[in-house]
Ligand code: AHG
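A lone chain, given as structure tokens: the form predicted on its own.
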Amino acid sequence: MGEPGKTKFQINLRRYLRENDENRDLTRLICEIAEASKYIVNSIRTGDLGVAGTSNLYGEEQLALDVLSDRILRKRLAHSGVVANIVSEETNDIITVSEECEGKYSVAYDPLDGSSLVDVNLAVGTIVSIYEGGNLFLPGRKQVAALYILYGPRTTMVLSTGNGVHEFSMNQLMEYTLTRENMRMDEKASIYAPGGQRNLYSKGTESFVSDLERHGAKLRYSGGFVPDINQILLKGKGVFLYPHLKGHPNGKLRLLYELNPMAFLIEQAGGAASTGRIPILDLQPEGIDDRAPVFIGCKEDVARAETMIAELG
């Protein structure tokens, strides 16, 4: 694979997609998102944190990083020529890019998940979900691609187009090159990342967490969905949960922007993602702000969570 003299793990993102016979327009879309991430990285590194009286890269009054990240991504998607509709965590409705949906894609994304962590210098990320055509209100199993970009000590993209899960790292030239191919999850977790207040957990969720601890799982929780999922996926031995809580039966995380793309990636790596009752990818979205509880990671642990919630609530 690739140019003479290059190993597989020096292949850049566009070449990797092309040599694996991905759809040309889907490749273009993914590469536009990769290009947008370069500007988001620059904004994070240069401290574009919403300080009044300064200018951003568009020469406008400086915006908060999550709003600026949304604007960067939206402009890239709108000018890609292959997008019909977009919806973002920063918008209140679906934005029509093209009335013609045939042969195009629709994109749901969180431009900067965990943006409140930037000012304390913790890792944050972008999460993207891609569907064929113009309908974004489809079960997550209908996604044709999902990815996240992690802005940490390294900037990495983790991507699936339905043929495994692969990691690409941004090099010194700000190009993404392949670093891990076909990542896989183990059956059981050795780490866990529990979101939400534990005193608000149901009996079933509390029993599940206590069972993880009894079996030696170590708590590893950053407060950011992207870095926590990234740790679980790369180590291959973890589970993340943000469950139903007393007074908040649907948890916190949003289906379109966060849960569907992450569930797609984890399932592609041999893991599982559940509400505690049914697979995340089988949920039918009804609105752009739908939320759901989530147990995501190693298959055996997610199945055990479902069993304990069925028995204890």
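Here the structure is a predicted model, which is why all the values come from computation and not from measurement. Residues carry their position along the shown sequence, with the first being 1.
The same protein also exists as the form predicted together with the ligand; that form is not shown, yet it is the one meant from here on.
This chain lacks the partner; the member of V239, V107, L112, A145 within 4.5 angstroms of the ligand in the predicted complex by a non-hydrogen atom is L112. Only one of the listed residues (L253, I30, I44, A36) places a non-hydrogen atom within 4.5 angstroms of the ligand in the predicted complex, and that residue is L253. Among heavy atoms of F208, none comes within 4.5 Å of the ligand in the predicted complex. Residue contact check for E89: one or more of its heavy atoms lie within 4.5 Å of the ligand in the predicted complex.
Mapping the unseen interface onto this chain, G152 falls outside it, with no heavy atom inside 4.5 Å of the ligand in the predicted complex. The closest heavy atom approach of G134 to the ligand in the predicted complex falls outside 4.5 Å. Contact with the ligand in the predicted complex, judged as any non-hydrogen atom within 4.5 angstroms, is confined among 152-160, 212-220, 113-121, 173-181 to 113-121.
The single residue of 256-284 lying near the ligand in the predicted complex is E258, the criterion being any heavy atom within 4.5 Å.
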